[in-house]
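Presented as structure tokens, the chain that follows is alone, the form predicted alone.
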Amino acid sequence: MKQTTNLVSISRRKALSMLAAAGAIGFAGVPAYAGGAEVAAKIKTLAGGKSVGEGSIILDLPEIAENGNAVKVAFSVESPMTANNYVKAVHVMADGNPTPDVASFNFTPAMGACSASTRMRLAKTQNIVVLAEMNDGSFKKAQQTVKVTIGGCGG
């Protein structure tokens, strides 16, 4: 049994336009990543232009993540968590994700402690920034770099 194949001829112009369209679709699918400037802008927006201090935030992040699909991010903020002195909110940001926002946690004095953990996806080595908003309107931040490797090799 003989098979026949019918080929459709297209013009060079149509072939180039189809190739350009495929390239545009492929390029549009590549996400742009936030950088240090986007994280700094987000911090400035959240803090309303107020100065941001360092300290009293303890981060529990891996130094090296062999698999960036589920990286543990945990923090605790040293605070008495009383009605007069407590952490209102904590914001987690990353400078290598498509948007700097990763998670936000709200706290009340009734919670007794300020700590939380979650998992996030990291596509590449990047800085994780944790910003704590206190009830008196002050802000504190902590930052750590997480190196993402492929199967534990270099990266």
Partner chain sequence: MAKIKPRVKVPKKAAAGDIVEIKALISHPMHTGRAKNKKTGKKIPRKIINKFTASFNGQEVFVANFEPAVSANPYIAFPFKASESGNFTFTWVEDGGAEFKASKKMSVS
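Source: prediction; values computed, not measured. Numbering follows the first chain given and starts at 1.
The following text describes the form predicted together with the partner chain, which does not appear among the structures shown.
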Closest heavy atom of P98 to the partner chain in the model of the complex, within 4.5 Å or not? yes
Hey, in the model of the complex, is Y86 touching the partner chain, heavy atoms inside 4.5 Å? no
Taking 4.5 angstroms as the cut-off for heavy atoms, does S117 touch the partner chain in the model of the complex? yes
Does any heavy atom of N69 come within 4.5 Å of a heavy atom of the partner chain in the model of the complex? yes
Assess the spot marked by S104, T108 and A113: is the partner chain within 4.5 Å of a heavy atom from every one of these residues in the model of the complex? yes
